[in-house]
Structure formats: structure tokens, C-alpha cells
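Just the one chain here, laid out as C-alpha cells, in the form predicted on its own.
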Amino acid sequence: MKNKSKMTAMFSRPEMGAVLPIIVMVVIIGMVNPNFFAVRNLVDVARATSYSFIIAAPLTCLFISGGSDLSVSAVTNLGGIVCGWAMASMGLPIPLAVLVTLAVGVVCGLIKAGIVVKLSLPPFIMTLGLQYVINGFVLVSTNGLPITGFSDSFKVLGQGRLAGVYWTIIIAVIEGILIHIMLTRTKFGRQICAVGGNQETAKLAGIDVNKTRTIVNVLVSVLAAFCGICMASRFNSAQTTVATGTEMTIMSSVIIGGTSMMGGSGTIIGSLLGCLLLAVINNGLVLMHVSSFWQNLIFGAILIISIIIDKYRREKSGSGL
């Protein structure tokens, strides 16, 4: 009975929505093409996961607080362009260019929070509109052309390694640990969960709901802008559409990892597994020579199944079973 209860508890964890598909996909891909297990390929999978996770980790906090954000890909595009412009056109040193870019991320987060939090407007639609505005600004200001001419030292962030491990992977791991600690071990993390669970109850408990939601929105935009810097470093050019279309993939990763769309619950580990799952699928389809057109079908099916599992888990939890 104890073993059965342990198994039930394990499978009831939100992260299992990503763990089981990862195992299935790894087995299938490995059987079709054993090169999947080559060290170089596994490093590529981890590298792809790191870029998504840099944004997915703070986005998890936003989802837990009851929010959502479709503008993350646009802010990522903007981050790369601003950093490239600061270095190539203004001649700023790399550290200062990075700080300017992060400051722009703060401004984007505050604008987003002002629209969604202060005006109490629906985040999904409003951040979609903000996505179009930011992407439009990026294209107009650059005429759709990438910014190049960076120094070799700038390439270290996106292309450099420490003991054979890409810096972006190291950064993603450190970021994930810090946000996990914030979410699970700090007063602010408990406030995020409380706000997502029930805003009225959170207000009665003395929590400044608007301030909490604003901070989380700013955190998402700052790290999205930072991801844009990493991408510009990786490709040695700031491209205007480098992250376009990734917002749904990253949001799907968070949901697949067990974070509830209704707010109040979620884990950073689950989001990491969600990012890993989609990176494995993407990599596996290439190794199995499957048309990229199948990606949307597979991602969509996994997302639908994950939402159904989330609904079932919430119902079971509410019934006390």
C-alpha cells in the first residue's frame, strides 16, 4: 500500500506531464537514430533548452501570479537590437550596452504592467497588441536589417564555453536556481502564489497585489531582453525577427511543465522539463528526417494533452482525492 501511495503521489506531481513524454520521445528517437545520444547532439539540445528556459523561468512566476505574456518574443527581438545599436552605433562598451538593454527591458515591463495591472485589462489580448507594437518599432527603426560589426569579445556570451559547457547553459541553470529559491523559500514567492490563487484573499492578507504583479511582469521583460542579447552574441548579429514565433513555444513549455493557466501553482523544474521536451522533439524531428511541418501538430497535441491533465489534476485536488 505504501509503494502504491508513493507511486500515486509521484504521478500526481505536475512535472510528470513533461517527464513521461520526454522518456517516450527519447526512446523513439534513439531507436530511429542512435546519433541522438552523441555528446555533441545532447549539448545542442541542452543549449536550445537554455535559451527557452531563460524566458520560461520568469514566465512561470507570471503564470503562477495569474498573468500571461505574448510579448516576450518581441522584447527578445528588441533586446538584441538595442544592444547591437548601443555597441555598433553609439560605441558603448559591452557592459554598458548590456545595462542599457536591461533598462529597456524594465521600461517594457513597466509599460506592460501599466496596461495590464493598473488598467485591469486582459493580459492575453493586451500583450498581443504590445507584441505587434514592439516588433513594428524594431522593423521600422532598422528597416528590417540586422545590426552587425560586433567585437569578438561580445561573442563569448553566446558562443563561449566554460569547461566545455556553453555560458548560456550555465546562466540558465543559475537563473533557474535563483528563481526556484525565490518562488519556494521567500516571502515574495509566497505572495506570487497567493495572488495567483485568489487576488481578493491576497488583498485581505495585506499583500500589495498590483506591486507583486508589476514586479513579476518587469522580471519577465528584463530576462527576455537579456535573452535577446544572448541570441545576438550567438549569431554575432542582432536580427530583427530572431525570436518571432517563439512566444507560444515558450508558453507551451511552461504549461506542459505543470504550471496552471489559472494561476496559483507551478514549478521552475517543471518549466525546465517542458523546455527540454520541446527541444528534444525539435531535435528529434531533424534527426529522424521528419518534415518540420509536423512540429506544430506534435506541439499542439502535447499542449492539449497537458491542459487536460492539468484540469484533471486540479479537479482531483479539489475533490480531496
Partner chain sequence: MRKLGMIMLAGVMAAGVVMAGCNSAAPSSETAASGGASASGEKKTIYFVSLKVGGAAWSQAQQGFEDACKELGWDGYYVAPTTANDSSQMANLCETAMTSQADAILGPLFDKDVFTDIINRAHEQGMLVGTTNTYLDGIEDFNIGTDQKNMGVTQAETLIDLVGDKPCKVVWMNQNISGTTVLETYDAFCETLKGHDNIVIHGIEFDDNNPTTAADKMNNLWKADPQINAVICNDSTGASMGVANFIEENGLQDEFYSVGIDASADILNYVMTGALDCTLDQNFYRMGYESVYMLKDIWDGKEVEKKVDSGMNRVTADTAVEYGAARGYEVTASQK
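Numbering follows the first chain given and starts at 1. In this text, all values refer to a predicted model and were calculated from it rather than measured experimentally. Take the two forms, find the largest set of C-alpha atoms that superpose within 1.5 Å, and that set is the rigid core.
Separately, the form predicted in complex with its partner chain exists; it is not shown, and the next lines address it.
The partner is absent here, but in the predicted bound form a heavy atom of A48, alone among A48, V26, M261, I269, sits within 4.5 Å of its partner chain. Note on contacts: among V242, V98, I81, L223, the single residue with a heavy atom within 4.5 Å of its partner chain in the predicted bound form is V242.
Within 4.5 Å of some heavy atom of its partner chain in the predicted bound form lies at least one heavy atom of Y132. Of the heavy atoms in S68, none are within 4.5 Å of its partner chain in the predicted bound form.
In the predicted bound form, its partner chain lies farther than 4.5 Å from every heavy atom of G189. In the predicted bound form, its partner chain sits beyond 4.5 Å of every heavy atom of S153.
Contact with its partner chain in the predicted bound form, judged as any non-hydrogen atom within 4.5 angstroms, is confined among 252-260, 282-290, 55-63, 269-277 to 282-290.
Looking at 129-149, the residues that come within 4.5 Å of its partner chain in the predicted bound form, counting any heavy atom, are Y132, L139, V140, N143, G144, L145, P146, T148, G149. With the core superposed, M288 shows a C-alpha displacement of at least 2 Å between the shown form and the other one.
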